[in-house]
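Shown next as structure tokens: one chain only, the form predicted alone.
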Amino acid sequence: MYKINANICDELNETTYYTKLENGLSVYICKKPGFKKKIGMFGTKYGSVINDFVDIKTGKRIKVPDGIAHFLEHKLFEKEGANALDLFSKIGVSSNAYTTFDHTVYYFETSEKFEESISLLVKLIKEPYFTDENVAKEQGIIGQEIMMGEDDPEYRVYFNAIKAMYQKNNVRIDIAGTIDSIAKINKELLYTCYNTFYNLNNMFFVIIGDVDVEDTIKLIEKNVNSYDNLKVDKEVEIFFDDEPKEINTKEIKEEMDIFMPQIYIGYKLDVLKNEEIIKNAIVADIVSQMYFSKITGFFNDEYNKGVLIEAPALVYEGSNSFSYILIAAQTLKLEEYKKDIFDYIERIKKEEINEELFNTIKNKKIGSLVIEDDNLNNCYRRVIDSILTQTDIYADVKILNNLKVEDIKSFLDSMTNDNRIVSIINNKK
């Protein structure tokens, strides 16, 4: 019999319940009293960077083509003669799926058909059906998706930035793969990946909404157990190439038919673990507001000179295999902007941190946590982040409360000339 654990967050006046079913599936329920909408998510800790692993059935190490995690997502949500989106729409429920670098999720949002939605979601994920014909059809569909990405300047400048930073890590590969890599995918490989990563011990079910916790857990267990679910007690064994500390190349520049050139400044960081990943994302948001938002002198100077129209956006992205900072901007004066931002970053690294501004933004962010918690999407992101980083669900609240100016200083110091890259998509002359 499973035990239900309650994780209470007094600051948010919220409780998230967790249990691990006997079949190995982890279930999280974030109770939201008074909310009519409910979100259900069935996910796996399997994303695009994972292509080298031990086949759970044969026990042998195997390497599969890039893009297969995303391909698998498409095939599970595209049933023979029916599309999952259409099946959910027929019962008045919205649904979708997505694949990232490190996980894949299938979800629904509903106000009325909660039990039916859980049943349908489990059915779609637990009934894989791959044939030579439907694999070939999907190769054409995803091939078009890949080509659309290649024609998207924002997508190109982003992945070029990652390619500039990383030499071997699969984060440098488009999540959808390449035309060549998806051509190597077949039904046998799909079943191998499915059996390995869609085993219940590697999966999670997340519910956000005003639901009865015990009844919902029983409902999920009943639906999942209606399928032949062989429990797998061991963790999936995954391998990553050793990534050099050094960046791949200083700059990648391309030209496209665009009006406004795009530029990303990137900083390749040491890989972080657990709470450090969440902490760096929080610090990045505060640094972005303190030094790159519209309230800053830097933006006002650049705006007055006609270099920038919108403020740059600084973000941190990290997992257990990669870690980097990106600063995105658009400008017609690329060289002037590059010089200005490089000089500015070096200057702020030497200056004293404005402690009053730091505390103002920190306190505002603490207040925003409560307000934003009314958005159910923020709730599920918190839960999934905790699953992937193996941290407490409310680690972000604790980290934010304990943040100090020294953390801002440390973050700024990690942005060095040695680990810096530039990615540019310029307009064709």
Partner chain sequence: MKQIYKIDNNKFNSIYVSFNYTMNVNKEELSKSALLASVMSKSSKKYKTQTDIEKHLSKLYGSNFDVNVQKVGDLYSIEFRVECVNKKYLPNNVDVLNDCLEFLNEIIYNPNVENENFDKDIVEKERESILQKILSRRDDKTAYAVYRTEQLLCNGQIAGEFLFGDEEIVKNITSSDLYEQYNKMLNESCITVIVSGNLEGHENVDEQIKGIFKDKIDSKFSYDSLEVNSSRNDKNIDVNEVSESQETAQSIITFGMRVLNPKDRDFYVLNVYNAILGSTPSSKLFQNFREKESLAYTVRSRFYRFKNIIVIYAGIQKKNYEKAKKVIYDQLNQIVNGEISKEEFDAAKQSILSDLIEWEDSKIAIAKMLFSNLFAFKNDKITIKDMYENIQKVTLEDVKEVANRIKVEQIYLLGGEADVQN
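Numbering follows the first chain given and starts at 1. This structure is a prediction, so every number in the text was calculated from the model and none was measured.
Unshown form predicted together with the partner chain; subsequent notes refer to it.
Proximity of K20, Y28 and K253 to the partner chain in the model of the complex is absent: no residue of the three has a non-hydrogen atom within 4.5 angstroms.
Only one of 301-309, 161-169, 268-276, 235-243 places residue heavy atoms within 4.5 angstroms of the partner chain in the model of the complex, namely 301-309. The closest heavy atom approach of E150 to the partner chain in the model of the complex falls within 4.5 Å. Using a 4.5 Å cutoff between non-hydrogen atoms, D373 counts as a contact of the partner chain in the model of the complex. Mapping the unseen interface onto this chain, E112 counts among the residues with a heavy atom inside 4.5 Å of the partner chain in the model of the complex. Heavy atoms of T296 reach within 4.5 Å of the partner chain in the model of the complex, making it an interface residue. In summary, among the residues K137, K218, R347, K339, the only one with a non-hydrogen atom within 4.5 Å of the partner chain in the model of the complex is K137. Checking V105, I179, I247, A284 for any heavy atom within 4.5 Å of the partner chain in the model of the complex turns up a single hit: I179. Contacts with the partner chain in the model of the complex, taken as any heavy atom within 4.5 Å, map within 26-51 to P33, G34, F35, K36, K37.
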